[in-house]
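Next up: just one chain, as C-alpha coordinates, the form predicted on its own.
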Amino acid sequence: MTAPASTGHLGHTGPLPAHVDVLVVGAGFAGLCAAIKLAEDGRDFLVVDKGADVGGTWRDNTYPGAACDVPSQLYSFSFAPNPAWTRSFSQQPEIHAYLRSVAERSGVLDRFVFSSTVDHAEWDETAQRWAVRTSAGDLTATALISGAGGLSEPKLPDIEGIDGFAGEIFHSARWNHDADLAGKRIAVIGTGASAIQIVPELQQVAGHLDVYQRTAPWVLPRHDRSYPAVERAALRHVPGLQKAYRTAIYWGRETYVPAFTVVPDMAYPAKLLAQGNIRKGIDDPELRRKVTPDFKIGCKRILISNGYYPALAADNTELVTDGIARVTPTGIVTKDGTERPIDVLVVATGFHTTDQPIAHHIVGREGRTLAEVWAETGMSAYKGTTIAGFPNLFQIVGPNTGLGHSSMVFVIESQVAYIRDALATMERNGYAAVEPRPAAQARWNDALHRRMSRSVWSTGGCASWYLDEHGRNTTLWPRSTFNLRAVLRRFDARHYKITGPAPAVGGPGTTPTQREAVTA
(Lines give C-alpha, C1' and ligand atoms only; values in the text may rest on other atoms or scores of the structure.)
Protein backbone atom coordinates (compact mmCIF):
# COMPACT_ATOMS: atom_id res chain seq x y z
CA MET A 1 0.00 0.00 0.00
CA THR A 2 2.23 2.76 -1.23
CA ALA A 3 1.17 6.25 -2.19
CA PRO A 4 1.38 7.17 -5.87
CA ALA A 5 4.45 9.11 -6.86
CA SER A 6 4.14 12.78 -7.78
CA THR A 7 4.45 13.65 -11.43
CA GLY A 8 6.33 16.83 -10.60
CA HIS A 9 3.91 19.09 -12.48
CA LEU A 10 4.93 22.64 -11.68
CA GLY A 11 1.95 24.42 -13.18
CA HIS A 12 1.99 28.21 -13.16
CA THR A 13 5.17 29.72 -11.79
CA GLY A 14 5.94 33.26 -10.74
CA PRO A 15 3.60 35.86 -9.25
CA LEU A 16 -0.11 35.78 -9.95
CA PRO A 17 -1.48 38.20 -12.54
CA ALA A 18 -3.31 41.21 -11.15
CA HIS A 19 -6.46 40.26 -13.02
CA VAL A 20 -7.88 37.35 -15.01
CA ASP A 21 -11.14 37.12 -16.88
CA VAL A 22 -12.00 33.79 -15.24
CA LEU A 23 -10.69 32.24 -12.05
CA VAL A 24 -11.42 28.53 -11.61
CA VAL A 25 -11.28 26.87 -8.19
CA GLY A 26 -10.39 23.18 -8.26
CA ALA A 27 -8.38 20.95 -10.58
CA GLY A 28 -10.47 17.79 -10.62
CA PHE A 29 -12.71 16.66 -13.46
CA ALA A 30 -14.70 19.92 -13.20
CA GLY A 31 -11.80 22.37 -13.10
CA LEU A 32 -9.86 20.54 -15.80
CA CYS A 33 -12.88 20.43 -18.13
CA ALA A 34 -13.46 24.16 -17.57
CA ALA A 35 -9.81 24.96 -18.23
CA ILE A 36 -9.65 23.00 -21.48
CA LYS A 37 -12.83 24.56 -22.83
CA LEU A 38 -11.89 28.08 -21.72
CA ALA A 39 -8.57 27.63 -23.52
CA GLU A 40 -10.42 26.55 -26.66
CA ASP A 41 -12.44 29.76 -26.42
CA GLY A 42 -9.27 31.83 -26.13
CA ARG A 43 -10.14 33.10 -22.66
CA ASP A 44 -7.78 34.50 -20.06
CA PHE A 45 -8.08 32.22 -17.03
CA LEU A 46 -6.28 30.73 -14.06
CA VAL A 47 -6.98 27.57 -12.03
CA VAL A 48 -6.17 27.37 -8.32
CA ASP A 49 -6.10 24.08 -6.42
CA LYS A 50 -5.05 23.13 -2.90
CA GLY A 51 -3.36 19.95 -4.11
CA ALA A 52 -0.03 19.47 -5.83
CA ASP A 53 -1.47 17.95 -9.00
CA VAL A 54 -4.62 17.64 -11.05
CA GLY A 55 -7.14 14.98 -10.08
CA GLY A 56 -9.32 16.27 -7.24
CA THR A 57 -11.12 13.32 -5.67
CA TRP A 58 -9.04 10.88 -7.69
CA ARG A 59 -5.81 12.50 -6.51
CA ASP A 60 -6.79 12.58 -2.85
CA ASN A 61 -8.55 9.24 -2.36
CA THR A 62 -5.72 6.73 -2.54
CA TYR A 63 -7.07 4.22 -0.04
CA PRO A 64 -6.65 0.52 -0.86
CA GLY A 65 -9.37 -0.69 -3.20
CA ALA A 66 -10.36 2.79 -4.41
CA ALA A 67 -12.25 2.46 -7.69
CA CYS A 68 -15.13 3.98 -9.63
CA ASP A 69 -18.67 2.55 -9.64
CA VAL A 70 -19.44 4.02 -13.08
CA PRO A 71 -18.19 2.01 -16.09
CA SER A 72 -14.87 3.24 -17.46
CA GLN A 73 -16.10 4.06 -20.95
CA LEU A 74 -18.63 6.51 -19.52
CA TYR A 75 -16.41 7.91 -16.78
CA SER A 76 -14.24 10.04 -19.04
CA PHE A 77 -14.51 13.23 -21.06
CA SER A 78 -16.44 12.84 -24.30
CA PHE A 79 -13.78 14.97 -26.02
CA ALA A 80 -10.90 12.89 -24.62
CA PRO A 81 -11.78 9.20 -24.92
CA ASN A 82 -9.36 6.78 -23.32
CA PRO A 83 -8.70 3.64 -25.37
CA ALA A 84 -6.25 2.43 -22.73
CA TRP A 85 -8.72 1.48 -19.95
CA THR A 86 -7.75 -1.96 -18.65
CA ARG A 87 -10.99 -2.76 -16.80
CA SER A 88 -14.71 -2.19 -17.19
CA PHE A 89 -14.63 -0.35 -13.82
CA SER A 90 -11.43 1.63 -13.41
CA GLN A 91 -9.39 1.86 -10.24
CA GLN A 92 -8.09 5.09 -8.72
CA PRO A 93 -4.54 5.01 -10.08
CA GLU A 94 -5.81 4.54 -13.63
CA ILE A 95 -8.37 7.35 -13.37
CA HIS A 96 -5.78 9.71 -11.92
CA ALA A 97 -3.32 8.78 -14.66
CA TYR A 98 -6.03 9.51 -17.25
CA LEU A 99 -6.63 12.98 -15.81
CA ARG A 100 -2.89 13.71 -15.74
CA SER A 101 -2.60 12.60 -19.36
CA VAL A 102 -5.53 14.77 -20.48
CA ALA A 103 -4.09 17.78 -18.64
CA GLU A 104 -0.66 17.33 -20.20
CA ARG A 105 -1.99 16.82 -23.74
CA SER A 106 -4.33 19.81 -23.49
CA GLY A 107 -1.47 22.24 -22.86
CA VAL A 108 -3.21 24.13 -20.04
CA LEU A 109 -1.05 23.16 -17.06
CA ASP A 110 0.92 26.41 -17.18
CA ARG A 111 -2.28 28.13 -16.02
CA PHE A 112 -2.76 25.93 -12.94
CA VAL A 113 -1.59 27.21 -9.57
CA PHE A 114 -1.09 24.15 -7.36
CA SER A 115 -0.69 23.82 -3.58
CA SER A 116 -2.66 27.04 -3.11
CA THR A 117 -5.98 27.79 -1.47
CA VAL A 118 -8.68 30.35 -2.19
CA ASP A 119 -9.09 31.96 1.22
CA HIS A 120 -11.56 34.73 0.38
CA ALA A 121 -13.48 35.87 -2.68
CA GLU A 122 -15.72 38.93 -2.43
CA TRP A 123 -17.82 40.61 -5.06
CA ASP A 124 -16.81 44.22 -5.68
CA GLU A 125 -20.00 45.96 -6.74
CA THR A 126 -18.24 49.12 -7.87
CA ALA A 127 -15.61 47.43 -9.99
CA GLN A 128 -17.97 44.62 -11.04
CA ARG A 129 -15.48 41.87 -10.43
CA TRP A 130 -14.37 39.40 -7.80
CA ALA A 131 -11.60 40.40 -5.40
CA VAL A 132 -9.83 37.19 -4.47
CA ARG A 133 -7.28 36.40 -1.81
CA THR A 134 -5.33 33.19 -2.24
CA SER A 135 -2.41 31.71 -0.36
CA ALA A 136 -0.33 32.45 -3.46
CA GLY A 137 -1.34 36.12 -3.66
CA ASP A 138 -4.25 38.43 -4.48
CA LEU A 139 -5.97 39.06 -7.79
CA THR A 140 -9.28 40.07 -9.31
CA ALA A 141 -11.46 38.14 -11.72
CA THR A 142 -14.42 39.06 -13.86
CA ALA A 143 -15.98 35.62 -13.33
CA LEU A 144 -15.45 32.98 -10.69
CA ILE A 145 -16.03 29.29 -11.41
CA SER A 146 -16.17 26.93 -8.45
CA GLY A 147 -15.24 23.39 -9.34
CA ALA A 148 -14.31 22.51 -5.77
CA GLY A 149 -16.88 19.70 -5.66
CA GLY A 150 -18.85 18.09 -2.88
CA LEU A 151 -16.33 15.32 -2.19
CA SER A 152 -13.37 17.53 -1.39
CA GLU A 153 -13.44 17.96 2.39
CA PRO A 154 -13.59 14.87 4.64
CA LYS A 155 -16.29 14.78 7.29
CA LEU A 156 -15.15 13.52 10.68
CA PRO A 157 -17.62 11.96 13.12
CA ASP A 158 -18.52 13.80 16.31
CA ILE A 159 -17.60 11.06 18.76
CA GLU A 160 -16.49 11.64 22.34
CA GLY A 161 -12.79 10.95 22.84
CA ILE A 162 -11.84 10.46 19.21
CA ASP A 163 -9.21 13.19 19.42
CA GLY A 164 -7.52 11.30 22.24
CA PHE A 165 -7.06 8.01 20.42
CA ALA A 166 -3.41 7.04 20.85
CA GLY A 167 -3.03 4.74 17.86
CA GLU A 168 -3.03 5.42 14.12
CA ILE A 169 -6.12 7.31 12.97
CA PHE A 170 -6.95 8.68 9.54
CA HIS A 171 -9.87 9.41 7.22
CA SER A 172 -10.29 7.30 4.11
CA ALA A 173 -9.61 10.39 1.97
CA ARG A 174 -6.35 11.11 3.83
CA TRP A 175 -4.92 7.62 3.83
CA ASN A 176 -1.65 7.12 5.69
CA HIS A 177 0.36 4.86 3.41
CA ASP A 178 3.20 4.78 5.93
CA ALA A 179 1.07 3.05 8.55
CA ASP A 180 1.97 -0.61 9.08
CA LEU A 181 -1.38 -2.42 9.11
CA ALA A 182 -0.23 -6.01 8.89
CA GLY A 183 -1.55 -8.08 11.79
CA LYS A 184 -3.03 -5.05 13.54
CA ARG A 185 -6.39 -4.70 15.25
CA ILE A 186 -8.22 -2.30 12.93
CA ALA A 187 -11.61 -0.59 13.21
CA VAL A 188 -13.49 0.98 10.32
CA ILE A 189 -16.26 3.45 11.12
CA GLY A 190 -18.74 3.70 8.26
CA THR A 191 -20.29 1.41 5.66
CA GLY A 192 -20.60 3.73 2.66
CA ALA A 193 -19.02 3.71 -0.79
CA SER A 194 -15.44 4.06 0.45
CA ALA A 195 -15.80 1.63 3.33
CA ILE A 196 -17.06 -1.26 1.23
CA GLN A 197 -13.96 -0.94 -0.95
CA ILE A 198 -11.61 -0.61 2.01
CA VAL A 199 -12.99 -3.43 4.18
CA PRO A 200 -12.10 -6.33 1.83
CA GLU A 201 -8.56 -4.97 1.50
CA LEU A 202 -8.05 -4.52 5.25
CA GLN A 203 -9.58 -7.90 6.07
CA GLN A 204 -6.75 -9.56 4.17
CA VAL A 205 -3.99 -7.87 6.20
CA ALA A 206 -5.55 -7.24 9.62
CA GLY A 207 -5.09 -9.46 12.61
CA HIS A 208 -8.65 -8.50 13.53
CA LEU A 209 -11.09 -6.10 11.88
CA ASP A 210 -14.12 -4.40 13.46
CA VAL A 211 -16.59 -2.74 11.08
CA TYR A 212 -18.95 -0.27 12.75
CA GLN A 213 -22.25 -0.08 10.91
CA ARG A 214 -24.92 2.51 11.65
CA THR A 215 -27.07 1.73 8.62
CA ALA A 216 -26.70 -1.25 6.30
CA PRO A 217 -26.34 -0.32 2.62
CA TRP A 218 -27.78 -2.16 -0.36
CA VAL A 219 -24.86 -3.74 -2.22
CA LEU A 220 -25.19 -5.15 -5.73
CA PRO A 221 -22.68 -7.48 -7.38
CA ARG A 222 -19.85 -5.69 -9.15
CA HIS A 223 -19.84 -6.90 -12.75
CA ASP A 224 -16.24 -5.92 -13.29
CA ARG A 225 -13.80 -7.56 -15.66
CA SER A 226 -10.40 -7.02 -17.22
CA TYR A 227 -10.40 -6.16 -20.90
CA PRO A 228 -8.48 -8.90 -22.74
CA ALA A 229 -5.77 -7.81 -25.14
CA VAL A 230 -7.89 -8.37 -28.24
CA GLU A 231 -10.72 -6.23 -26.86
CA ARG A 232 -8.33 -3.46 -25.87
CA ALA A 233 -6.83 -3.52 -29.35
CA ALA A 234 -10.30 -3.32 -30.88
CA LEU A 235 -11.26 -0.38 -28.66
CA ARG A 236 -8.12 1.42 -29.75
CA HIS A 237 -8.23 0.70 -33.48
CA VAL A 238 -11.78 -0.10 -34.59
CA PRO A 239 -13.48 3.20 -35.58
CA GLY A 240 -16.57 3.94 -33.55
CA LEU A 241 -16.31 0.94 -31.23
CA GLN A 242 -15.41 2.87 -28.10
CA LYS A 243 -18.16 5.39 -28.80
CA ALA A 244 -20.62 2.52 -29.26
CA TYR A 245 -19.60 1.11 -25.86
CA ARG A 246 -20.07 4.51 -24.27
CA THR A 247 -23.46 5.11 -25.91
CA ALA A 248 -24.78 1.69 -24.91
CA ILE A 249 -23.67 2.14 -21.30
CA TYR A 250 -25.14 5.64 -21.15
CA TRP A 251 -28.60 4.62 -22.35
CA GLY A 252 -28.54 1.50 -20.22
CA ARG A 253 -27.94 3.64 -17.16
CA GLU A 254 -30.74 6.02 -18.12
CA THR A 255 -33.23 3.17 -17.85
CA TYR A 256 -32.65 3.28 -14.07
CA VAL A 257 -34.09 6.79 -13.76
CA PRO A 258 -37.82 5.96 -13.39
CA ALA A 259 -37.10 3.61 -10.48
CA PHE A 260 -35.29 6.40 -8.64
CA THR A 261 -37.58 9.30 -9.48
CA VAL A 262 -41.11 8.11 -10.26
CA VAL A 263 -41.92 4.48 -9.38
CA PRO A 264 -39.54 3.11 -6.73
CA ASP A 265 -41.15 -0.35 -6.88
CA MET A 266 -39.63 -0.74 -10.34
CA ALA A 267 -36.35 -1.41 -8.55
CA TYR A 268 -37.62 -4.69 -7.10
CA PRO A 269 -35.42 -6.80 -9.44
CA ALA A 270 -32.39 -4.86 -8.16
CA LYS A 271 -33.47 -5.64 -4.59
CA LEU A 272 -33.61 -9.35 -5.42
CA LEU A 273 -30.13 -9.10 -6.92
CA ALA A 274 -28.83 -7.40 -3.78
CA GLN A 275 -30.44 -10.02 -1.54
CA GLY A 276 -28.81 -12.71 -3.67
CA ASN A 277 -25.48 -10.96 -3.17
CA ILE A 278 -25.95 -11.23 0.59
CA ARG A 279 -26.82 -14.94 0.40
CA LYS A 280 -23.83 -15.63 -1.83
CA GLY A 281 -21.35 -13.87 0.46
CA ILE A 282 -22.69 -14.74 3.92
CA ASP A 283 -23.88 -18.07 5.35
CA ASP A 284 -24.67 -16.97 8.91
CA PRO A 285 -28.40 -16.05 9.23
CA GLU A 286 -27.79 -13.50 11.98
CA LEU A 287 -25.10 -11.68 10.01
CA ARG A 288 -27.36 -11.74 6.96
CA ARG A 289 -30.05 -10.08 9.04
CA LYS A 290 -27.66 -7.37 10.22
CA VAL A 291 -26.55 -6.44 6.71
CA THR A 292 -30.04 -6.40 5.18
CA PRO A 293 -31.34 -2.81 4.94
CA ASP A 294 -34.79 -1.87 6.21
CA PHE A 295 -35.39 0.82 3.56
CA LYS A 296 -36.18 0.76 -0.14
CA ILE A 297 -33.29 0.14 -2.46
CA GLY A 298 -32.11 3.41 -3.99
CA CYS A 299 -33.05 5.56 -0.99
CA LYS A 300 -29.37 5.68 -0.07
CA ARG A 301 -26.59 5.32 -2.59
CA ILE A 302 -26.57 1.82 -4.09
CA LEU A 303 -23.11 0.29 -3.75
CA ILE A 304 -21.40 -2.42 -5.78
CA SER A 305 -18.98 -5.03 -4.47
CA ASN A 306 -18.22 -8.73 -4.75
CA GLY A 307 -15.83 -8.77 -1.80
CA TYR A 308 -17.61 -6.82 0.93
CA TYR A 309 -19.93 -9.52 2.26
CA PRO A 310 -17.29 -12.29 2.22
CA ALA A 311 -14.96 -9.93 4.13
CA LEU A 312 -17.63 -9.37 6.78
CA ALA A 313 -18.15 -13.12 7.05
CA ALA A 314 -14.42 -13.82 7.51
CA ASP A 315 -13.19 -15.27 10.81
CA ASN A 316 -11.11 -12.19 11.62
CA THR A 317 -13.94 -9.70 11.09
CA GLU A 318 -16.74 -8.56 13.41
CA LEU A 319 -19.64 -6.39 12.25
CA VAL A 320 -20.62 -4.10 15.11
CA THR A 321 -24.13 -2.61 14.95
CA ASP A 322 -24.35 -1.18 18.46
CA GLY A 323 -23.91 2.57 18.49
CA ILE A 324 -20.55 4.04 19.45
CA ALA A 325 -20.54 5.70 22.87
CA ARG A 326 -16.95 6.94 22.90
CA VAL A 327 -13.41 6.34 21.77
CA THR A 328 -10.72 5.67 24.36
CA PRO A 329 -6.96 6.00 23.81
CA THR A 330 -6.85 2.26 23.07
CA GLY A 331 -10.25 1.27 21.72
CA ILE A 332 -13.92 1.91 21.03
CA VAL A 333 -16.73 1.60 23.56
CA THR A 334 -20.24 0.88 22.26
CA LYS A 335 -23.44 1.91 23.98
CA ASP A 336 -23.88 -1.56 25.48
CA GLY A 337 -20.66 -0.97 27.45
CA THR A 338 -18.43 -3.28 25.41
CA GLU A 339 -14.91 -2.01 24.74
CA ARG A 340 -13.04 -3.40 21.73
CA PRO A 341 -9.29 -2.71 21.73
CA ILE A 342 -7.77 -1.46 18.46
CA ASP A 343 -4.43 -0.29 17.10
CA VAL A 344 -5.70 1.56 14.02
CA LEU A 345 -8.88 3.59 13.47
CA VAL A 346 -10.03 4.24 9.88
CA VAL A 347 -12.76 6.84 9.54
CA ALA A 348 -14.86 6.35 6.40
CA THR A 349 -17.66 8.78 7.16
CA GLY A 350 -17.88 10.68 3.90
CA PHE A 351 -17.65 14.37 3.04
CA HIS A 352 -19.25 17.76 3.59
CA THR A 353 -21.64 17.42 0.64
CA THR A 354 -24.50 19.64 1.84
CA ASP A 355 -22.19 22.20 3.46
CA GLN A 356 -19.59 22.88 0.82
CA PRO A 357 -16.40 24.28 2.41
CA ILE A 358 -15.81 26.72 -0.48
CA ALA A 359 -19.14 28.38 0.30
CA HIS A 360 -17.67 29.78 3.52
CA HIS A 361 -15.10 31.75 1.51
CA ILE A 362 -17.34 33.36 -1.12
CA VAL A 363 -19.02 36.68 -0.25
CA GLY A 364 -21.79 38.03 -2.47
CA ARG A 365 -23.21 41.45 -3.22
CA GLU A 366 -24.99 41.76 0.15
CA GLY A 367 -21.87 41.05 2.20
CA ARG A 368 -22.91 37.56 3.24
CA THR A 369 -21.08 34.35 2.49
CA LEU A 370 -22.69 31.74 0.34
CA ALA A 371 -22.65 29.45 3.38
CA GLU A 372 -24.66 32.00 5.39
CA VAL A 373 -27.25 32.28 2.64
CA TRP A 374 -27.54 28.53 2.28
CA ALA A 375 -27.77 28.06 6.05
CA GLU A 376 -31.13 29.83 5.85
CA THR A 377 -32.48 28.31 2.66
CA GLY A 378 -30.54 25.11 2.13
CA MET A 379 -28.25 24.74 -0.85
CA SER A 380 -30.00 26.10 -3.90
CA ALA A 381 -29.07 27.56 -7.24
CA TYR A 382 -30.55 28.23 -10.65
CA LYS A 383 -30.01 25.16 -12.81
CA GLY A 384 -27.42 24.06 -10.27
CA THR A 385 -25.00 26.60 -11.70
CA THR A 386 -25.72 30.23 -10.78
CA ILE A 387 -26.95 31.85 -7.57
CA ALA A 388 -29.00 34.96 -6.90
CA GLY A 389 -26.97 37.61 -5.09
CA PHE A 390 -23.65 36.25 -6.41
CA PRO A 391 -22.95 37.87 -9.78
CA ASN A 392 -20.65 36.11 -12.22
CA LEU A 393 -20.33 33.11 -9.92
CA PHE A 394 -20.72 29.75 -11.62
CA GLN A 395 -20.76 26.41 -9.86
CA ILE A 396 -19.89 23.11 -11.46
CA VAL A 397 -21.53 20.20 -9.64
CA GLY A 398 -23.64 22.68 -7.73
CA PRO A 399 -26.88 22.02 -5.83
CA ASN A 400 -29.08 19.24 -7.21
CA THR A 401 -26.76 18.22 -10.04
CA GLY A 402 -25.59 14.96 -8.46
CA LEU A 403 -26.49 11.58 -9.90
CA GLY A 404 -27.45 8.26 -8.39
CA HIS A 405 -27.15 6.27 -11.58
CA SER A 406 -24.73 7.70 -14.14
CA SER A 407 -21.52 9.64 -14.74
CA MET A 408 -20.89 13.02 -13.17
CA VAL A 409 -18.55 13.77 -16.07
CA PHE A 410 -21.65 14.07 -18.28
CA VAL A 411 -23.07 16.68 -15.87
CA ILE A 412 -19.76 18.54 -15.71
CA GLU A 413 -19.54 18.85 -19.48
CA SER A 414 -23.16 20.05 -19.60
CA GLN A 415 -22.56 22.76 -17.01
CA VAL A 416 -19.32 23.88 -18.63
CA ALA A 417 -21.19 24.31 -21.92
CA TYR A 418 -23.75 26.53 -20.14
CA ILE A 419 -20.99 28.60 -18.51
CA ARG A 420 -19.16 29.04 -21.81
CA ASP A 421 -22.34 30.31 -23.42
CA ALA A 422 -22.90 32.68 -20.50
CA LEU A 423 -19.40 34.12 -20.86
CA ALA A 424 -19.80 34.43 -24.62
CA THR A 425 -23.16 36.18 -24.15
CA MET A 426 -21.57 38.63 -21.71
CA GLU A 427 -18.72 39.36 -24.07
CA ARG A 428 -20.95 39.72 -27.12
CA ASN A 429 -23.34 42.13 -25.41
CA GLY A 430 -20.91 44.01 -23.19
CA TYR A 431 -22.48 42.79 -19.96
CA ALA A 432 -20.47 43.40 -16.80
CA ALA A 433 -22.34 40.91 -14.63
CA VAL A 434 -25.11 38.36 -14.72
CA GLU A 435 -26.97 36.66 -11.89
CA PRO A 436 -30.25 34.75 -11.83
CA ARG A 437 -33.32 36.66 -10.77
CA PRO A 438 -34.55 35.46 -7.35
CA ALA A 439 -37.99 34.65 -8.76
CA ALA A 440 -36.49 32.50 -11.51
CA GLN A 441 -34.29 30.67 -9.03
CA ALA A 442 -37.24 30.11 -6.69
CA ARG A 443 -39.44 28.74 -9.49
CA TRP A 444 -36.66 26.42 -10.61
CA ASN A 445 -36.15 25.00 -7.12
CA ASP A 446 -39.84 24.76 -6.28
CA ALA A 447 -40.43 22.68 -9.40
CA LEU A 448 -37.37 20.57 -8.70
CA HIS A 449 -38.43 19.74 -5.14
CA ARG A 450 -42.02 19.02 -6.14
CA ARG A 451 -40.64 16.40 -8.47
CA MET A 452 -38.23 15.20 -5.79
CA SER A 453 -41.12 14.53 -3.38
CA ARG A 454 -42.13 11.32 -5.18
CA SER A 455 -38.61 9.99 -5.61
CA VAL A 456 -37.23 7.04 -3.66
CA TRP A 457 -34.80 9.45 -1.98
CA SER A 458 -37.78 11.13 -0.31
CA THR A 459 -40.15 8.17 0.13
CA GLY A 460 -37.78 5.26 0.67
CA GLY A 461 -37.63 5.43 4.47
CA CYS A 462 -33.98 6.30 5.03
CA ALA A 463 -31.80 9.17 6.20
CA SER A 464 -28.99 9.73 3.74
CA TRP A 465 -26.14 12.15 3.01
CA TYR A 466 -28.27 13.39 0.13
CA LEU A 467 -30.39 15.33 2.66
CA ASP A 468 -29.42 18.58 4.37
CA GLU A 469 -30.24 19.70 7.90
CA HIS A 470 -33.64 20.91 6.66
CA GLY A 471 -34.45 17.41 5.38
CA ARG A 472 -34.31 18.54 1.75
CA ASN A 473 -32.47 16.66 -0.94
CA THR A 474 -30.14 19.37 -2.21
CA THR A 475 -27.72 16.92 -3.81
CA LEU A 476 -29.37 14.90 -6.57
CA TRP A 477 -30.96 15.63 -9.93
CA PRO A 478 -34.46 14.08 -10.06
CA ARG A 479 -34.71 13.56 -13.81
CA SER A 480 -32.75 12.07 -16.70
CA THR A 481 -29.30 13.36 -17.56
CA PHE A 482 -30.35 14.17 -21.11
CA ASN A 483 -33.04 16.43 -19.63
CA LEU A 484 -30.39 18.22 -17.57
CA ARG A 485 -28.20 18.63 -20.65
CA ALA A 486 -31.18 20.08 -22.54
CA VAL A 487 -31.89 22.76 -19.91
CA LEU A 488 -28.19 23.68 -19.84
CA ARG A 489 -27.77 23.80 -23.60
CA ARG A 490 -28.13 27.58 -23.91
CA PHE A 491 -27.58 30.46 -21.50
CA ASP A 492 -31.07 31.89 -20.92
CA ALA A 493 -30.37 35.58 -20.28
CA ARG A 494 -34.09 36.34 -19.94
CA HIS A 495 -34.02 34.81 -16.45
CA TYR A 496 -31.07 36.94 -15.33
CA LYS A 497 -30.37 40.36 -13.94
CA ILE A 498 -27.95 42.01 -16.32
CA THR A 499 -25.43 44.67 -15.34
CA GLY A 500 -23.31 46.57 -17.82
CA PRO A 501 -21.09 47.76 -19.19
CA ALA A 502 -18.06 46.85 -17.10
CA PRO A 503 -15.59 49.52 -16.01
CA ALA A 504 -12.12 49.07 -17.49
CA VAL A 505 -9.72 47.03 -15.41
CA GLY A 506 -7.56 49.45 -13.46
CA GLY A 507 -9.78 52.37 -14.45
CA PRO A 508 -11.81 54.62 -12.17
CA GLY A 509 -14.55 52.77 -10.31
CA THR A 510 -18.03 53.67 -11.42
CA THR A 511 -21.21 51.88 -10.52
CA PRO A 512 -22.60 50.29 -13.69
CA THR A 513 -26.23 50.41 -14.61
CA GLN A 514 -28.22 47.37 -13.57
CA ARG A 515 -31.16 46.23 -15.58
CA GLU A 516 -33.27 43.13 -15.80
CA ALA A 517 -33.18 41.32 -19.10
CA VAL A 518 -36.51 41.39 -20.85
CA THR A 519 -38.50 38.25 -20.23
CA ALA A 520 -39.24 36.50 -23.50
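What you see is a predicted model, and the numbers here were worked out from it, not measured in a lab. The first residue of the shown sequence is 1; numbering continues from there.
Here the subject shifts to the form predicted in complex with a small molecule, a form of this protein not shown in this document.
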(message) Taking the small molecule as it sits in the predicted bound form, is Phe45 near enough to touch it, meaning that at least one heavy atom pair lies within 4.5 angstroms?
(response) no
(message) I'd like to know whether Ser406 contacts the small molecule in the predicted bound form, with contact meaning heavy atoms within 4.5 angstroms.
(response) no
(message) I'd like to know whether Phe491 contacts the small molecule in the predicted bound form, with contact meaning heavy atoms within 4.5 angstroms.
(response) no
(request) Answer with yes or no whether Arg301 is in contact with the small molecule in the predicted bound form, where contact means some heavy atom within 4.5 Å. (result) yes
(message) Check for me whether the small molecule, as it appears in the predicted bound form, comes within 4.5 angstroms of all of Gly161, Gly331 and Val333 - heavy atoms only.
(response) no
(message) Within 4.5 Å, heavy atoms only, one stretch in 185-193, 367-375, 202-210, 262-270 touches the small molecule in the predicted bound form. Which?
(response) 185-193
(message) Just to confirm, with a 4.5 Å cut-off on non-hydrogen atoms, which of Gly281, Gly167, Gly350, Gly402 contacts the small molecule in the predicted bound form?
(response) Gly350
(message) Can you pick out, from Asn316, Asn306, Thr215, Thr292, the residue that has a heavy atom within 4.5 Å of the small molecule in the predicted bound form?
(response) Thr215
